[in-house]
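A lone chain, given as structure tokens: the form predicted alone.
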Amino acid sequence: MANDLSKLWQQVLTDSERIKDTSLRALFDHDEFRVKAMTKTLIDGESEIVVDFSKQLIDAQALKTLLTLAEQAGVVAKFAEMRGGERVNFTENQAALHTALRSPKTAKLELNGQDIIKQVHDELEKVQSFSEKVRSEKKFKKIVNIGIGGSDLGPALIFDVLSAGRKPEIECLFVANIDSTEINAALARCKPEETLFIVCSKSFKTAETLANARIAKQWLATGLGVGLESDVLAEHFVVVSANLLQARSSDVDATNSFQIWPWVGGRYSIASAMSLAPIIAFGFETFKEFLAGMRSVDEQMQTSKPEDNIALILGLIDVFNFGTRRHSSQAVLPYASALRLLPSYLQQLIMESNGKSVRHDGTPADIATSPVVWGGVGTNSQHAFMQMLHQGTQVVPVDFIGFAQLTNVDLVSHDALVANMFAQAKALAFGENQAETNDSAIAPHRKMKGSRPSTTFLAKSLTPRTLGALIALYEHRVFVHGIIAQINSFDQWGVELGKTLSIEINQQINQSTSAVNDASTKSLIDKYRQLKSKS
């Protein structure tokens, strides 16, 4: 870290140490304008998200230091460079142009002499045409999306959210795990002649996806009474990949295929043809609204004043909470059943992006990077893990996400749902030190100290546009933390190692001897062979 940045980082650490024993109650008592100063509203047409971070354990001085650090580190300037096609993914010599997936048709961006925006919109037009064809023909009653990671979590999240508001034209099922129990359960709900398979894989080398595609093809051939080489099967398969040549050589024959690009990370591909399944289910116009929400946040991240830049501020609070090693875990609690998959989606987005320990120059990171991300739906979570959040030995910052309006809900119950969200945030922040008991042995067990940080997101309604805005906000928080920590948020070499080793071990499982060079893995392979062979 450059010398001037090191000094600022030392000031951040000083602020963290200064504040760590301060209570949130004291921070509120000493600043009557705290809520106003620490509540921002992201407005874009009908989309409005109120972000209240006043319950974060931070004060104006610490936030000012963080904003100065962001300015000196050139966070927003580097965001603009990323959007402009700079090769920010330097270990793979790639740009990271997920923001181009939602750029307007009038935008201009060239990469390696190619018009990126034209490529994106040409593909979107193909997606629109195909989705409208499938919807109008009504031949397919079920779509099975086969993918894993970003090829599964993104489209599944969109489908879940939109399904809460209206019935999809076509039911979508999502298969990811190589455990064939999952795909067999999905296929049991389908009829071969009415099923469309969308096989999503950026590299088209992902073992789980190829295994499930093979099972799907065999099931389809058997059900239709045709051979595995029949051209009929291709009409039931669609491929989405950045490596269409590899897809064609992988025994997955598809009449229709759609392109993504090497400069889009899988966990950032939700704005691409990877979301074909929900696009078919709900229509392309709905997807356009989703893209518009993302695009709005992209623009605000790049053009807002620092003190009003919501994504920047949230990213800096992440740096303050996790980069300083004050906390190591983050909980995401949406108070909307439609967002039940959001914590899983954000696990990949945040931890695969920033789960690194080496800086750009190859030296160890001196700023902590990714928290452990987890969560669940409110109010279910209140009867599962909220006890630990209130009184446990670990302090876990929480993101609460709620909505003033949800479709197809009982209004009395919805008021209670939102009241619960507000109550949990209040209890975490301010605790309860007056135990209503005279029994001195019981009283300490009923005390809650409070000062447990949280941010509350409150939107008008859960629309496609709002969902897009929320996801973009989290994407840019990841970017901010990555820049401050000086890591590459866009590679995933740890994931690649696991893939490589699994292929090697799989090849050796059915061999008479094992060439594995560690005793534990060799022993486990031997035990597996023994158990597998027993009747």
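The model shown is predicted, which means the values in this text are computed figures rather than measured ones. When you see a residue number, it is the position in the sequence shown, counting from 1.
Only in words, not in the display: the form predicted together with a small molecule, which the text now covers.
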- Message: Although the partner isn't part of this model, could you tell me whether S304 comes within 4.5 Å of the small molecule in the model of the complex, counting any heavy atom of the residue?
- Response: no
- Does K499 reach the small molecule in the model of the complex, with heavy atoms at most 4.5 Å apart? yes
- Interface membership of G150, the small molecule in the model of the complex, 4.5 Å heavy atom rule: yes
- Item | is_contact(S370, the small molecule) in the model of the complex, heavy atom dist at most 4.5 Å | no
- Message: Exactly one residue in I509, I43, A60, V495 has a non-hydrogen atom within 4.5 Å of the small molecule in the model of the complex; which is it?
- Response: V495
- Contact residue in the model of the complex, chosen from P464, G378, G266, G375 - any heavy atom within 4.5 Å of the small molecule: G266
- Task: State yes only if every one of D52, Q56 and R477 has a non-hydrogen atom within 4.5 Å of the small molecule in the model of the complex; otherwise state no.
- Result: no
- Message: If contact means a heavy atom within 4.5 Å, which one of 354-362, 195-203, 335-343, 391-399 is the stretch that engages the small molecule in the model of the complex?
- Response: 195-203
